[in-house]
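Given as structure tokens, the chain that follows is alone and in the form predicted alone.
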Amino acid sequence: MATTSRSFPRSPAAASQQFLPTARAESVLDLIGNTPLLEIAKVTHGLLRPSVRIFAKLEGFNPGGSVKDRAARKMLQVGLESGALKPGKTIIDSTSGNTGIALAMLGAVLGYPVELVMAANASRERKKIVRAFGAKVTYSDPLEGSDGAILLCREIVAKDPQRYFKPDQYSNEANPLAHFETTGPEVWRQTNGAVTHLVAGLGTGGTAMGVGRYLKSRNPKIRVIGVEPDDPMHGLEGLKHMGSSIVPPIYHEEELDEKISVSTEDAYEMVYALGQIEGILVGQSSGAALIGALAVARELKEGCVVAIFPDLGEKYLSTNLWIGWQSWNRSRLTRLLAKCRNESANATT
């Protein structure tokens, strides 16, 4: 059922340069992309060499609140152009939450009904948001995570395949293509071509693959680092522990220069630090991305590290992420950074 893009551009000239801020938008679709780049300077103060900087690409500023708006828009666009998505069809896909929100939002704009399959333990906020956009939701076994949602979605489609258009974010090459065409050029432009390292969490793999391909097409020396949970039973919504999961067909590990594993606890601690020191409230996958970016940046004499922050944190306020925030203080950040420093030192010895 996946709608794939047959021609994936590999040169910078083939990527669209038309995604520029607009003073007035005709549709929500026009608001996707052009997210800000924020230097993370306070949390990292005194930790890095003077010629090393870390920036966060704040994808939570997309209208649906996450990086998944980009992939959802491109997958639906390709579906419409190919005729696979046409009047009478229902958009359906499995999701850990953010792609579901994006599809529900865009389905409402385009006039298509949307059905989603997500694990029952998805955050309360995400469940309410997709319903607010008018989407129908079927919940899968929470113990099976995103893989359980994938399998249940396949069962539903198999019962009535003619009824549905399934973008299939895990298999659809339009997913990384969206990032090749938009996210990658934005990072290049916002850093004036100075980016040396990209750090991105691994869920579908679309962001790391697409942005990485674009940046390497501009400068093959740029390194692409993927971040994943360090344990199969993790609490990092949206990320996959690839060794124990259904590996997305669009994910090609050989395209990564490095892969870093991050614990749930460390990612949570970094979320608290970002909120109370940098003043930016993000989700746990963003915390994990910054842990990975710090591990990379601390080893550099000079460089520009860009970490993708997939979403903001308001969709997780009812989850376990925020159980420990009230007792947080800066001494906990000191311990976290010391731990990261020791792990980095051990990795190089």
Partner chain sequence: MAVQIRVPTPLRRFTGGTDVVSANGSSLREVIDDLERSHPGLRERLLDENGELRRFVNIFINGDDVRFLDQLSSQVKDGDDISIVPAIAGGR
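For clarity, every value in this text was computed on a predicted model and none was experimentally measured. Numbering follows the first chain given and starts at 1.
If you look for the form predicted together with the partner chain, you will not find it shown, but the lines that follow are about it.
Only one of 74-82, 275-283, 224-232, 105-113 lies within 4.5 Å of the partner chain in the predicted complex by heavy atoms, and it is 224-232.
Interface residue among Ala119, Ile129, Ala135, Leu256, judged by heavy atoms within 4.5 Å of the partner chain in the predicted complex: Ala119. A single residue from the set Gly184, Pro176, Pro167, Gly203 has any heavy atom within 4.5 angstroms of the partner chain in the predicted complex; that residue is Gly203. Within 4.5 Å of some heavy atom of the partner chain in the predicted complex lies at least one heavy atom of Gly97.
Residue contact check for Leu143: one or more of its heavy atoms lie within 4.5 Å of the partner chain in the predicted complex. The shortest heavy atom separation between Gly64 and the partner chain in the predicted complex exceeds 4.5 Å. Although the partner is absent here, Val271 lies well away from the partner chain in the predicted complex, with no heavy atom inside 4.5 Å.
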